[in-house]
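Two forms of the same protein chain are encoded below as structure tokens; each is given separately, as structure 1 and structure 2.
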Structure 1
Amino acid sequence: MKNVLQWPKYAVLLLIAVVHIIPFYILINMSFKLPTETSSKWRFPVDASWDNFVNAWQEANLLRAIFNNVFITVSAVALVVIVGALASYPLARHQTRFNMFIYTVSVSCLIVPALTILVPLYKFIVDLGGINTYWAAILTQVTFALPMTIFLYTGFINTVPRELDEAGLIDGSSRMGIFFRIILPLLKPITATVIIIMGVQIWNDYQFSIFFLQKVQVQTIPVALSQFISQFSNQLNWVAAGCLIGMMPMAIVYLCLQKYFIKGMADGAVKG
């Protein structure tokens, strides 16, 4: 009787799994089909080929694009983790009116659509001479990633006992010493969560990269692959192959950090 009552739960889980698997099936299927094959996207390729991967790699200069993605993502995520953790510690430990106001303003930025400020931001970057530069792309990503980062870190630090701070003060440590020697090591689960969430967001960014990184030498993977789709022609098979190549680095990072991911999300978001 108990198993009978649980079948709707398994049916829902199966449906969710199928919905998530279908895009990957189509992506892999398309990446191995030759452009001359016009069969349905649901059918297996008649002559599976690696040519799409070779063409996407060469025509989109994916080696250079992957380097650009790695440099921008690693730099931006490192800054987000350092600035976000440092900003969240006093916001969580000293909940004064001013700190609550700062926290509320920071979290409120989450509901501001990035596209609403794209034009003034573009003009600002042009005035600073930041078009086609790494620093402009990195600082833009950091700015838009900080609100969620502060939200997660503040919620997690609230779960860390304040007695640890008091013990550190009794031992003669400064506030910065307490943060770096006691608090920061305890933030490993939420740091892993921030790295995964913000890393994926920055790695896949297209809306800012297409405006700020226009030269081929600084283009990221999404921008480099967009050249295969135009008004008069498209190479969807090359795009599919390029997407599979481009997703590999982040998939490896996720597999390495997945054991911390769920714990960090639960402690940082739910308890916060």
Structure 2
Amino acid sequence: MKNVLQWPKYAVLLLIAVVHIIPFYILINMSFKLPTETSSKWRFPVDASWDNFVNAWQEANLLRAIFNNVFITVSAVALVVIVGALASYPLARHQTRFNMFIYTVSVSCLIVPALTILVPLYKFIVDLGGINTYWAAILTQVTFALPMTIFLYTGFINTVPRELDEAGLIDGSSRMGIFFRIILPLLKPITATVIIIMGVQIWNDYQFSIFFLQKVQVQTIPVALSQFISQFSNQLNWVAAGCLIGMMPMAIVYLCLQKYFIKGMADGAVKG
């Protein structure tokens, strides 16, 4: 009897799952269809083939792009964690008027859309000789990830009892020593959140990368794909295969660690 009453619920559940999967279903169908096959995108391919993947992989230089993406994301996220955690400690623990001002300014940068300062930022990077270099891309990513990171870390440090710091001071530790030996190890949960949120943001970034990383040697997946697509816009099956390859690394990481992604997002929103 109970099960009978439950069936509309499961129908809705199934409907939600199907609706949300459809875009990926279409993408997969398209990437296995030869460009000569003109059947509906809803149909399975008649002669499924890997040809599109081979073409996309070679023409879009995806191997190089994946390497660049990994390098830029890992370096930028590492820097964001270090610089962000360091900055948040005094801002949370030593709330003088001046520090409150610094905190407000830092977090306010969250509402500065990167593109509004694009013109002068691009010129500045050109003047520094940073176009098509990793360091310029990494440093801009770090800067624009910092406001949210500082917001999350300060919120979390506020929940860590101050008695721990005082105990450390009495034991003769320096403030730096307290930070590295007592506080930093306690920050692990929020660090996981920061790594996930900022990692996804930096991995997927297009707006900075398209300006700063135009050469094949340094371009990331989104840039490589957009250039591939402007070149082969009449070969949508290749494009689909390229997109599928391009989203794979992050999708695999997500599907393996999905609990942490979902928990990280939730913790970030609650504790931040």
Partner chain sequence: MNRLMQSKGLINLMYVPAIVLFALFIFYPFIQGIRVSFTDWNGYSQTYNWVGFDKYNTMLHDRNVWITVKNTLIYGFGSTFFQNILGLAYALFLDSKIRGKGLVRTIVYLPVIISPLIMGYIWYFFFQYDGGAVNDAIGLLGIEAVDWLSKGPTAVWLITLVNTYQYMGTAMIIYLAGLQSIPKDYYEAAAIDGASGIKKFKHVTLPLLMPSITINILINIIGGLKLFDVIVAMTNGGPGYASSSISTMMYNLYFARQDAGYAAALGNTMFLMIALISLLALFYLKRKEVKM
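By rigid core we mean the largest C-alpha set that fits within 1.5 Å across both forms. Values in this document were obtained by computation on a predicted structure and should not be read as measured data. Here, a residue number simply tells you its place in the sequence of structure 1, counted from 1.
Between the two isolated copies of the chain, the second is the form predicted together with the partner chain.
Treating the chain as two rigid bodies that shift between structure 1 and structure 2, Phe53 and Arg97 fall into separate rigid parts, each C-alpha being assigned to the part whose superposition fits it better.
The chain behaves as two rigid parts between structure 1 and structure 2; the smaller one is rotated by 12° relative to the larger (C-alpha superposition). Superposed on the core, the two forms differ at Gly246, whose C-alpha moves 3.2 Å between structure 1 and structure 2.
If you overlay the core, the Cα of Ala11 moves by 9.1 Å between structure 1 and structure 2.
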